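Take a look at this one chain, the form predicted on its own, written out in structure tokens.
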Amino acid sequence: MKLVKLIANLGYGSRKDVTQLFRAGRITDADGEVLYADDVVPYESIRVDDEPLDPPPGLTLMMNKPLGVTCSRKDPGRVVYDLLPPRYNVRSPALSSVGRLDRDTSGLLLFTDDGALLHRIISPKVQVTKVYEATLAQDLRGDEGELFASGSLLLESETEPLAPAVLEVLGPRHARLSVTEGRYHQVRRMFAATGNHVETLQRISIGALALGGLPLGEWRTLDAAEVAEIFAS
């Protein structure tokens, strides 16, 4: 791929804009030598204004999504894409969130520009486990774990029972829930089916990939080994 198209696809501007960057001598190699649009150089040696290029296509990243932001590109309020560098919003191929967390749920959110990877993660056939921690408005009754694990729980207005899920009680009103599906507001609706209400909800892991110590509202890129953790049990 020509350098102009490559750099434009990363969101540094239109092809015309990137051509102007070349003409201004702002695109160099790692040694500071000015590059030209028809040069052939390793990706990792390219610099724009002395800074390495953003990650190439095949980008996957994780975010610790805060409350109050929406997993959407268009919303009257704040959206998750506002937390990423502006260039990331105009990359080609586009960077998309892998599934959603609602405005009132925080925690681990993935993004990728790899369509095949995105579909593999969300595919019902793959059954990637998502783990949530919830605080509840009322004490647990005691039979929620058996109900959630039964594979017979039918959510309101649905005709297909939920797949078995694993509940770990952390306190009278504090629980950890592992699910392999991604139905609309699933965790909240599961507790609602028991007569309870979720007050706070955080996703802490996807597969074996954990949120860890990533600060709220921050993000980081994932390497190949970390992407593989998504599919580890």
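The first residue of the shown sequence is 1; numbering continues from there. Keep in mind that this is a model prediction, so the values were computed, not measured.
The next section is about a form of this same protein that is not shown, the form predicted in complex with uracil (URA).
J.: Could you confirm whether L101 comes within 4.5 Å of uracil (URA) in the model of the complex, counting heavy atoms only?
T.: Yes, L101 lies within 4.5 Å of uracil (URA) in the model of the complex.
J.: Residue-level contact is defined here as any heavy atom of the residue lying within 4.5 Å of uracil (URA) in the model of the complex; does H174 satisfy this criterion?
T.: Outside the cut-off, so no.
J.: Is there a non-hydrogen atom of Q186 within 4.5 angstroms of a non-hydrogen atom of uracil (URA) in the model of the complex?
T.: Q186: contacts uracil (URA) in the model of the complex.
J.: Can T105 be called a contact residue for uracil (URA) in the model of the complex at 4.5 Å between heavy atoms?
T.: Judged by the heavy-atom cut-off of 4.5 Å, T105 is in contact with uracil (URA) in the model of the complex.
J.: Counting only heavy atoms and a 4.5 Å cutoff, which of 26-34, 187-195, 166-174, 54-62 contacts uracil (URA) in the model of the complex?
T.: One stretch meets the cut-off, namely 187-195.
J.: Please tell me which of I206, L201, I46, V69 lies within 4.5 Å of uracil (URA) in the model of the complex, judged by heavy atoms.
T.: Answer to the contact question: L201.
J.: Of the options F148, Y81, F111, Y132, which one has a non-hydrogen atom that comes within 4.5 Å of uracil (URA) in the model of the complex?
T.: Going through each option in turn, the one that passes is Y132.
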